[in-house]
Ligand code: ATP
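One chain comes next, on its own, written as structure tokens: the form predicted alone.
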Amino acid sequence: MNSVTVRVPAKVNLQLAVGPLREDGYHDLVNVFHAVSIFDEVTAAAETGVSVRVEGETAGQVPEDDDNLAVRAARALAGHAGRSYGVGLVIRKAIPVAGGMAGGSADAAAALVACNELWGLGLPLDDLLEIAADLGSDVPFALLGGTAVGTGRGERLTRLEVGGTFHWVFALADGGLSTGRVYAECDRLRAAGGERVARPRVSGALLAALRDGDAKTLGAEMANDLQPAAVTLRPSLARTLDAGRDLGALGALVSGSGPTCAFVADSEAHARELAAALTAEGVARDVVVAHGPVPGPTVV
């Protein structure tokens, strides 16, 4: 086999509850992940050494060296196997870069799947999840797909039952937001407000809405503790969120650390209407319609 191509989805956080800052610099999280139909593709081809090339509109924002998380994933997989493998990676980007939709983590997950196949390792999902957890908090879910709740740093996953398909509109912003900077701003805002930070807990009402396929309740229950920090750093997001609500979205929130804004609709037709209206309002660089949940990385 000379090459393997893997398609991998973006994610939206339906609930992101952030606990107190831990001694190791991380926060305890409750993170309800939901994979949606915005995809990157990663091709792994046999090569001496490890290299990466990025294609797509936002390619210039993605490193093409050892700082690329997909490169780190390939090296970690080779190290796990105890062999010196080479691979040339080509990443075709559609997931927003630094947009709160785990594009880099998705590419790392795709690289793990592609290289596992290319190199004939035959490692099971549990082994790949173990490697993924060392690469980053979002990489295990990017490998799993579907819908799941993550605890710890977000890497300990439990699959969730979902009773149907949900329809989404994503408003993409110009530029990105640093995840680390957003978490730091969250801590600063909490300290400035004298907020007592409780241990994070998953919303039972949100889980029930997912199980029942109830988009209206899901929209009402979605929540993101990082949203105030993201809006503080990028005040224009408040206008985008307000526009989506005013135009009839069932729910609106910043995805992850932002700056992508996510809106849930009650049908595919409603999502397309909402997307057209948001585009006309001019509150985003681009507006994308998607659905979820979708499977994790898939060989194509």
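Position 1 is the first residue in the sequence shown; the rest follow in order. This is a predicted model, so every value here is computed, not measured.
Same protein, other form: the form predicted together with this ligand, not shown, and the subject of what follows.
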Region of this chain that lies against this ligand in the predicted complex, out of 240 to 248, 270 to 278, 227 to 235, 59 to 67 [heavy atom, 4.5 Å]: 59 to 67
Listed residue that, although this ligand is not shown, lies within 4.5 Å of it in the predicted complex (heavy atoms), from Ile91, Val113, Ala209, Cys186: Ile91
Ser203, Thr217, Thr151, Thr179 - the one with a heavy atom within 4.5 Å of this ligand in the predicted complex: Thr179
Val169, heavy atom within 4.5 angstroms of this ligand in the predicted complex: no
Met101 within 4.5 Å of this ligand in the predicted complex, heavy atoms: yes
Contact test in the predicted complex: Gly145 vs this ligand, heavy atoms, 4.5 Å: no
4.5 Å heavy atom contact, Leu157 to this ligand in the predicted complex: no
